[in-house]
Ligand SMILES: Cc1cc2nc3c(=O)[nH]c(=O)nc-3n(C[C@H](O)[C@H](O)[C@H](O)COP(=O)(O)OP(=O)(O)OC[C@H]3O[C@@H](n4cnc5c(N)ncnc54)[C@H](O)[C@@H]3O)c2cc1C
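The form predicted alone is given below as one chain in C-alpha cells.
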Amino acid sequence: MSESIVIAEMNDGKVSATTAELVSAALAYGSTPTLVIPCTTPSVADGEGYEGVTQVIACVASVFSSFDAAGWAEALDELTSEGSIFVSASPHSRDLAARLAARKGIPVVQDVIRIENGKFTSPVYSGKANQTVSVTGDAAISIRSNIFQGASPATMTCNVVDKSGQVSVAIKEMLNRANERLDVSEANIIISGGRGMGNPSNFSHLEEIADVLGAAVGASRAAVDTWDEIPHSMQVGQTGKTVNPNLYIAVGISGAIQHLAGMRSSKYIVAINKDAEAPIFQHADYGIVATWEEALPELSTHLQAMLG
C-alpha cells in the first residue's frame, strides 16, 4: 500500500468531524494515511486519531491561526513531501490542496465524491455530469463532506513538529460574524431560503424549523445579493458552498443552475415554491406548491408535534 497524508480539517482551532471522512477516503484509495493536524499548540492533537491511521503529527505554527492558505502550504511543505494528500473540499482546503500540489509538481483533483478502483469521481459542468479520472503517482485530493462514512476514532500518541517561524504572507486576524448555528457545508439537514422569502426578517421562520430539526440555515445567491443581512457564509451554490446533506429543504428558491450546482447531490430534496413551473421542482423528491406563509407554519406545527 502507498503512503498518504491526511491534513485535518480545522474549525475554530479544533479538529473538525470531517477529518474522519478524509481518513476513510484515504483508506478507500488503498493508502496508509498519516494524520497531520495543523495547530498553534500541540494540546489540540491530544487523543486525536482514527482506526487505520499509522501515525499522528501535530504540526505547530502560528500561521495556522489565520485563514492563509499560502502560509499553511509553506508550513506543511516538508510534512507533505511524500505520498498523496487528502484534504476537505472546503474553500480554504481546496486552496491549500492546489498550493501543495504546485509545490510538489503533482496533479490536483478537486471535490471528489467517489473513489473506486483507484480512480476519482467528481462533478463537472455545475454538477450536470461527473468525471472519473486516474492519476499516476501522488496527487492532492479534496473530498466533499458528507460522502464517506467517517473512520472510527482511536486514541493515539502524536508526534510534534514545530514549524514556527517566518512565512512570506500572514493574515493576522479574521473577524467572523457571530453565529451559533451549524455551517451549511457540514450539516446533514439544511433549510434554505431564496428571494421568495420577501425580506430577510422572514428567515426567522426558517430558523424556527431549523431549531426543531437540528438543521443549518442556508440561502440562495439572489437572497445574499439582495439583502445585506444575509451573509455570504450562508450561500449555497456554485459561487457559495457545495453541500451534500441527507435532507435539503428549499423555500422560495426557483432553482437556478448555479444554486443547483451546490445542492443537487443532496440525498432528499424538498421544494416549497408558489410557482408550479419553478425549475427546482424538476430536481425535488418532494414538492409543495404554496407560498412560504402557507407552508412553513404547517410544517413547523407538525414537526414540533413529532419531534418537539
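Predicted model, so just to flag it, every value in this text is computed and none were measured. By rigid core we mean the largest C-alpha set that fits within 1.5 Å across both forms. Residue positions are given as counts along the sequence shown, with the first one as 1.
One more form of this protein exists, namely the form predicted in complex with the ligand; it is left out here, but the text below deals with it.
For residue 194, is any heavy atom within 4.5 Å of the ligand in the model of the complex, or not?
-> Yes, residue 194 is a contact residue.
Does the 4.5 Å heavy atom contact test between residue 258 and the ligand in the model of the complex come out positive?
-> Output for residue 258 is yes: heavy atoms within 4.5 Å of the ligand.
Does residue 41 reach the ligand in the model of the complex, with heavy atoms at most 4.5 Å apart?
-> No, residue 41 stays farther than 4.5 Å from the ligand in the model of the complex.
Residue 11 near the ligand in the model of the complex, any heavy atom under 4.5 Å?
-> So residue 11 does not count as contacting the ligand.
So which of 26, 35, 253, 249 reaches within 4.5 angstroms of the ligand in the model of the complex, heavy atom to heavy atom?
-> Selected option: 253.
Contact residue in the model of the complex, chosen from 278, 69, 53, 60 - any heavy atom within 4.5 Å of the ligand = Residue within 4.5 Å of the partner: 278.
One stretch from 76 to 84, 130 to 138, 151 to 159, 213 to 221 that, in the model of the complex, holds residues within 4.5 Å of the ligand by heavy atom | One stretch meets the cut-off, namely 213 to 221.
Do heavy atoms from each of 2, 4 and 89 fall within 4.5 Å of the ligand in the model of the complex?
-> Zero of three within 4.5 Å in the model of the complex.
Could you run down 273 to 300 and flag each residue that has a heavy atom within 4.5 Å of the ligand in the model of the complex?
-> Going through 273 to 300 in order - heavy atoms within 4.5 Å of the ligand in the model of the complex - the hits are 273, 274, 275, 278, 290, 291, 292, 293.
Taking the rigid core as reference, does residue 198 move its C-alpha 2 Å or further between the shown form and the other one?
-> After core superposition, the C-alpha of residue 198 moves 2 Å or more between the shown form and the other one.
Per-residue C-alpha change between the shown form and the other one, residue 221, threshold 2 Å, rigid core fit = Yes, the C-alpha position differs by at least 2 Å between the shown form and the other one.
Does the C-alpha of residue 278 move 2 Å or more between the shown form and the other one once the rigid core is lined up?
-> Result for residue 278: yes, a 2 Å-plus shift.
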